[in-house]
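Coming up is one lone chain in structure tokens, specifically the form predicted on its own.
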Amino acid sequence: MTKQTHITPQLMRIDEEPFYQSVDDEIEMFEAAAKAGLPVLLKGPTGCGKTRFVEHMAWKLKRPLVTVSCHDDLTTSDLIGRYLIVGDETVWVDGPLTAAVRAGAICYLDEIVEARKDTTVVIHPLADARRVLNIDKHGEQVEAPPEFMLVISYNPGYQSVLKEIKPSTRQRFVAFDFDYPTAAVEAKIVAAEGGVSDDIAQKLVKLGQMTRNLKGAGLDEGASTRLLVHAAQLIASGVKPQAACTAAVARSLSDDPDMTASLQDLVNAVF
């Protein structure tokens, strides 16, 4: 027996304000995009604050949040939903994208370029004036309420011929550029998130900047703000600064013994 029952995944509601340090007019621009019903594309390196920004805006706009980490095996059914056997009945289970549309939530597709091209095509009707989600298997067309917002992100630094956003997808979105903040702003973030003194935070930021200078010279990317916060949290927990930076920065950035040794030299120079 087939039933047209909807089983909807639980949505994330953010009650407490996530810490986010604004670096430009991104908050005001996001609010304007939300008011106009426009989808948003966030571009920037790994660990620079894109996900935290979305969480902050979900809290600020008082909307539930659905986050999907995209990957090579992500199928259309993973996003939209599928029929499953429950007991002796066949029921329809909404995927995270469908659940977000029905609830008027913010749907955040993280690292969209990692998903298969045939999967990302399903977001096109949601990302233009139609604002609808077509569920072919279920024979339903879900209209997005005004509160629904589609947000996607990717890292241009990892972009290649095989993994890039198609123009037909890109040109549906309002794009925001993200990057690592200035040293002063980044130090505030590291101090606040990591629970360390301003002096330690400034040294961690200096280390991060030194590793970023090695991008393209043995490293794909330097230390992200996220890694610096991890190091700070270890230090705040009682780990010595050099050991914390070795674990959270040097060993996280590279498996190559020579490069790891070079990164360790940077750690020793700063601390």
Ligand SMILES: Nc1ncnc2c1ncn2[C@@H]1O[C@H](COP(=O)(O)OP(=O)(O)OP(=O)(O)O)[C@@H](O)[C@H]1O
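Quick note: we count residues from 1 along the sequence shown, nothing fancier. All of these numbers come straight from a predicted model, not from anything done at the bench.
Unshown form predicted together with the ligand; subsequent notes refer to it.
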Note to self: Please identify the residue among Met57, Leu41, Leu207, Val229 with any heavy atom within 4.5 Å of the ligand in the model of the complex.
What the structure shows: Val229
Item checked: in the model of the complex, the residue from Pro241, Gly47, Pro64, Gly37 that sits within 4.5 Å of the ligand by heavy atoms -> Gly47
Check: Heavy atoms within 4.5 Å of the ligand in the model of the complex: does Ser262 have any?
Finding: no
Margin query: If we define contact as a non-hydrogen atom of the residue within 4.5 angstroms of the partner, is Thr246 a contact of the ligand in the model of the complex?
Written below: no
Check: Can any non-hydrogen atom of Arg212 be found within 4.5 angstroms of the ligand in the model of the complex?
Finding: no
Note to self: Can you tell me whether Thr51 touches the ligand? I mean in the model of the complex, with a 4.5 angstroms heavy atom cut-off.
What the structure shows: yes
Check: Considering only 168-201, what residues come within 4.5 Å of the ligand in the model of the complex, judged by heavy atoms?
Finding: Ile189, Glu193
